[in-house]
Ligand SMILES: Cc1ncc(COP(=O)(O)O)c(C=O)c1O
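As structure tokens, one chain now follows by itself in the form predicted alone.
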């Protein structure tokens, strides 16, 4: 028997047998039927002319979504694999780097850099708040004479529900020789992101969030400044050798056997995103986020974060109720999966993802289910207020 993370062996059967399962977590996210059907196509050989043409279209589409003219590299990998690849390919042992830590995934940047022997300077930010770009400017000025080779930032931090101001940080970093590396695994195609205009040198993302596909593909978008650093970097690499991947993409080949079916899915998802229009996709995510937060606060619940990301809402658990209990009831009764807190926030908050294929009906269903379950737990609020407030936003 497979056990759900809520530690109730019955929930596996509940999940399988519920009429509709809504995956309202901040990744992986729900997959559109169009994408599912695309992934069912016959497998073509990854060295065939057909697949090279498909890969070219995926490359071009991802350039539009990253908003870059730079290289796009595709690996069969998680997002974390791409973060590790960024450290391996652009730095040498002992290099001094600045990591902005705004949550669980900022912690991950720190641990990867330390694992490869970099000299890590950490700018710790209170969880639930975005970094003030001026603090980065201050830290960089304090390191004059001790060259900082890279600045690492998380775009949207789904563990805490915040969004960092990548545009303003880019203005600061571009005045230095440091590389600017951004984890936009959850931010890509959910929140405004303009790699070239904002001066980002290395952008990392993955298939399972805003790109509306199953987990399995990682993406790196790389600037010319980063390639210059790559030529000097000496850390060992093999599978994640980005220079080899760049050479392969000249003929639209991946260095290793890729997850062919997921590339089919990403190809279809890109068509959906660009057909809707990237600006419209960003605006849709903003509106869903506003509706969700209006509904949450109307239910006498409090939000954990201050500087909100448009793709996830992190909510403090009501008094006397744990995240595990609340999420378990919602899954059991309504087939809606919400995520627990991560790291130090485990069982203190619950996280609602509204990214990718999530629409206004999913938001309404989630808020309605939450109202019912909160009443069961004895939480006091104006019944129906959450839905009314959310609908006001959606209609506005």
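Values in this document were obtained by computation on a predicted structure and should not be read as measured data. Numbering follows the first chain given and starts at 1.
Beyond what is shown, the protein has a form predicted in complex with the ligand; the following relates to that form.
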Partner-contacting position among 286, 261, 80, 114 - heavy atom within 4.5 Å of the ligand in the predicted bound form: 80
One residue of 191, 208, 323, 230 in contact with the ligand, assessed in the predicted bound form (non-hydrogen atom, 4.5 angstroms): 208
Heavy atom contact within 4.5 Å of the ligand in the predicted bound form, the stretch among 116-124, 148-156, 294-302, 249-257: 148-156
Proximity of residue 183 to the ligand in the predicted bound form, heavy atoms at 4.5 Å: yes
Heavy atom of residue 105 within 4.5 Å of the ligand in the predicted bound form: yes
